[in-house]
Structure formats: C-alpha cells, structure tokens
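A single chain, nothing else alongside it, follows as structure tokens in the form predicted alone.
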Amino acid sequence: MSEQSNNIDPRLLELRDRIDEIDGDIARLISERAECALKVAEVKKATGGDALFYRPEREAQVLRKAMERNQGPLTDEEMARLFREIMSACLALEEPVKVAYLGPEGTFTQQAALKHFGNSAQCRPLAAIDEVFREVEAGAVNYGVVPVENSTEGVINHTLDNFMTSNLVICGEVELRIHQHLMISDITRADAITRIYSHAQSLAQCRKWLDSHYPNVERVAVASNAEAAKRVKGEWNAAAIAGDMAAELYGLKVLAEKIEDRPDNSTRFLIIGSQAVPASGDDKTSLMVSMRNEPGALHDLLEPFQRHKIDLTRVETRPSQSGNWTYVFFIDFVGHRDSENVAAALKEVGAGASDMKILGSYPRGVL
C-alpha cells in the first residue's frame, strides 16, 4: 500500500473496494444481458420473414418494471434512463435501429430521439417534417421522430397535416422538458447584442423574458434553434436561444439559463413507423375523424367516448383537404384499440363519421 493510501480513512478504502466489487457484478450482468439479446436475435432471424427487433410495447414494459423495482436513492426516471441506454446498446447488437428526426443536429427533436431510443440508435437529421415522413415511408429508416405539441404554443399543425395523407402509424411518444438558454460565441460582445436568433416557437416561449431584458433587440426567426446557434458563431453582435445540446455541439457560452416564460414548458414528440404496436398495459390511441357538417356532429363524435368511460387527452381540429369549411378532428385518448371498451367506442364513432382513421395505439411515454 502506498504512503498516500496510508493517509486515507480505512472506511473510505473499504467503500471503494465494495464499489469496485459491485462494478464488476454490474459489468458481468450487462454482458450476460447482451448475450441474451444476441440469442433473441438468432431466434427471431430463424423464424424467417421480416423480424421486428425493436418492440415499443416490450421496451415500455421493461422501463416501467425498472422504475417499479427501484428502491432509491436514484429517482425512478434516472433508473429508467440507465436501463434505456443498456437496452439501446443491446438492441444495437441485434439490429441497430435507424431513426430520422427533424434536424439539424442540436435540436430538441434530436434530444427527444436520443431520450426515446438511446445513444446507440443510428439517428439521421432531416430538414423538414415532410422529409421525416417520406424517409420512414420509403423504408430508409425504421422510425421517425416529429414534434406534435408544445405546452405553451400548442400543436404543430404541419405534423398533423402529414397524417392526412400518410399511411404511417404512431408507435410511441416522448415528452421533453424544454429549457431555453441565451447563448453567445467566443467572439460575441455581450454588451453589444443587437440581434437574437431562434426558432419562432422558442422566441414565443421566451417573449416576456426578452421584453424585460432585451426590449430593443431585433428578434430573428430561423428554421431551428440549431441553425440559430450556428449563425452566432460568426457574428460578434448576435446571440441565440437554444438548448443544452446546441450549446455543446457548437461550443457556445450560455449567457442566461432557463429563460422560458413558463417553468413547466414541455414539448411532446411522436414516434412514427409502419408497424402496429400491441398493447403494453398502459397505452394511448390517436384518431383522425371527419364528420358530416350537420347540427350535433361534435356531440355525436364525443358521446361514445363518454359512455364507454374513455379518457380523452386531446381534441384538435384542422381544415380538411377535401373542401372548404370542412374540418378533421384529431383525438388522443387513454387505452388501446384492441381493448373491449375502446373497440366498442371506435365502432360507434366510425359508423357516424364520414371518414375515420386510427393513427395508432402505442405505449404512453415512460421517460
């Protein structure tokens, strides 16, 4: 034992030895789990056909169990995040999952993709929501990640509009707490900022803070927060509003943290794919319905859900693409399409609707 070790409290040395022992056990068990994942892949490949390696309902169940078994001191969410990364790495051994997201790199959508699929997923940034849908439809990627609503600014209409013409289904959801930061580059003069770049929604989410701190500074809306972060790299009099990932990616200095007007500001993202998802035990279903333009149509649409005791979590309307002054309803509710009460309600809604499309049943967001 070295002279330096002689000066360390023996209790600390004992705890370090115990930690080393536990780390060895953890490493052994992770390797054992990875071996099982490889065997799962072999079994799936042996059955022939297009084997599904990523199963949203199974992953949700595993994460929920990890949270249920957790006895602290780590939070349930922290424990689930650790399991998320283990599962992501094991899945990559079976078959790396390919994911397209609304880019560029450094956006909140990328952050949502990594939160849902883990860092071992192969993620590809695309320039527009339409492109994400097309890439999944073409089979170039397994899944896509698109934003659908923000707790402050409401729905992202472009995402809803894409479902009107797409055959893709919703396979999952992820909610991301959105923290906006004001950031500058190493050449920015903090006392001479005349222009602030960000996505239009981020500017709106920070409106009160900007009115208070930078009332006379020009606010410039750009395609994404990452694009805003990229722009300030070459401008001495500009700042950007973006998230942690953009600051890290582009090497920017955070001048002010968490400047969003609402501390509970969050965005919900949808995972889109081509495969229907079996029930996980705690699910949601999304529906698109067109009703005939007649008195009581909205009541007739919603009444079956109330009668079958189904909890509606969101109802939105969008102009229909089939004619003027006709509308499409987008509805989210708790439950899976295969459950008895949901199936009964959907049968009744479908009978009274001019058109109905089930966008998907999927596990409720765990993380």
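In this text, residue numbers run from 1 along the sequence as written. Not measured: the values here are computed from a predicted model.
Heads up, the form predicted together with a small molecule isn't pictured, but that's what we're talking about next.
By the criterion of a heavy atom within 4.5 Å, residue 59 is counted among the residues contacting the small molecule in the model of the complex.
Using a 4.5 Å cutoff between non-hydrogen atoms, residue 173 does not count as a contact of the small molecule in the model of the complex. Although the partner is absent here, residue 40 is a contact residue: one of its heavy atoms lies within 4.5 angstroms of the small molecule in the model of the complex. The closest non-hydrogen atom of residue 260 lies beyond 4.5 Å of the small molecule in the model of the complex. By the 4.5 Å heavy atom rule, the three marked residues 299, 329 and 356 all fail to count as contacting the small molecule in the model of the complex. Proximity to the small molecule in the model of the complex, taken as a non-hydrogen atom within 4.5 angstroms, holds for one residue of 307, 314, 318, 44, which is 44. This chain lacks the partner; the member of 91, 245, 196, 291 within 4.5 angstroms of the small molecule in the model of the complex by a non-hydrogen atom is 91. Only one segment in the set 22-30, 65-73, 329-337, 50-58 has residues whose heavy atoms sit within 4.5 Å of the small molecule in the model of the complex; it is 50-58.
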